[in-house]
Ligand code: PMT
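Below sits a lone chain in structure tokens, taken as the form predicted alone.
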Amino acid sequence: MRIVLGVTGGIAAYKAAELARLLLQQGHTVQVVMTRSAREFIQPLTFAALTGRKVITELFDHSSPEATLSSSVEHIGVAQEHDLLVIAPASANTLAKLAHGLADDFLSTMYLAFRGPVVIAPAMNNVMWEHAATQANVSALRALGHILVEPADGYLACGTYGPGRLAEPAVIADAVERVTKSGSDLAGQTFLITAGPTQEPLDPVRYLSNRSSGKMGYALAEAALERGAKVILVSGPVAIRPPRGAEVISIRTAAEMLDAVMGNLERASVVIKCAAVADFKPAVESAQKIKKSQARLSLELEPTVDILATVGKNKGNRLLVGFAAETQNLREEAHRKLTVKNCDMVVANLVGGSGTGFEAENNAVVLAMQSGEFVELPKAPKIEIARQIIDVTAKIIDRRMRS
């Protein structure tokens, strides 16, 4: 592939030279773009010698009238002529510019004109990495469908220890290889994915719901899109942006989710039920706000429809993946749901104070398979867990097609 390697300011910029070498070894062509701050840490000559190409360092070239005219649209040409954009290291400043669409140099301007996959490997001080603004920018970039290669824990240039160290060049190169080799292996498949909570109204201002943020379901949608699948994302109310390229159907209640799922079932070859659907709803929805009083209030609840079981009864040849959020007996409950709901795989995780599951950025799950096998996916960012789940799903699809 034709790759643009963006290098931004930071002590880790020297590692980008090794990354360029690895990408060249994989058979790609590499066009390096450096920010002004990057040139404080490593010289363009290093990358020019490695890649055999001119290194782009400025948005405009004023060496001659002809060069000035040519450079005025060079960022558009570079964006159109390349297949993949890799930014490593990506500074906190660069993350902020990309997340908010700011364009004041060649790299950020070219980024806005680029339409291919984007791989971003951040590197910075651990306090900067953990800052709420940086994490909000990272979430925004993930929501755009970009692939984030998480920084590693380690000793940093400032003398502290923690997350923020640039991932090793081999790890970043592996992420690039995954994009280039498996970017279309799910082309032709349509994934119907549910995400987020449902809200079951009690009165015009109150409802019953749960703590689901939708992050896991949205990560699954992003991971499926990365591999060329079409994605129909049926989402309850969440506060995150959907990945670019997904067809989003917004719902509120369990009944609305059922209608959306069954109404689109014929279009799907794979169904992943990741949403945390409310198990109960008020038996009666008050037309007016229930006023507070000193008297105790009792609610009569009735069960909502079991969407996963309904799909299981009507799945046909579709692949059905269910989710199970549990507080105990994880494997037993996962296997029970696999059998009772007629699933092909169940993804189970423990919730309740473990730093994973609802609202958390990370997850750790166990996959219950029809063979009786259990596959453990240890704690990792939800997007990485999602990619592993999609990878297992793709292998099941491949086995079915071969048989």
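So that there is no doubt, residue numbering starts at 1 and follows the sequence shown. Every value quoted in this text rests on a predicted model; they were computed, and no experiment measured them.
One more form of this protein exists, namely the form predicted in complex with the ligand; it is left out here, but the text below deals with it.
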{"property": "Segment assignment from 97-105, 139-147, 210-218, 262-270: heavy atom within 4.5 Å of the ligand in the predicted bound form", "result": "210-218"}
{"property": "Close approach of F41 to the ligand in the predicted bound form, 4.5 Å, heavy atom", "result": "no"}
{"property": "Contact flag, G322 vs the ligand in the predicted bound form, heavy atom cut 4.5 Å", "result": "yes"}
{"property": "Any non-hydrogen atom of V351 within 4.5 angstroms of the ligand in the predicted bound form", "result": "yes"}
{"property": "Partner proximity in the predicted bound form: T109 to the ligand, non-hydrogen atom cutoff 4.5 Å", "result": "no"}
{"property": "Residue among A187, L301, V305, A170 with a heavy atom within 4.5 Å of the ligand in the predicted bound form", "result": "V305"}
{"property": "Contact set, 251-283 vs the ligand in the predicted bound form - heavy atom within 4.5 angstroms", "result": "K273, C274, A275, A276, V277, A278, D279"}
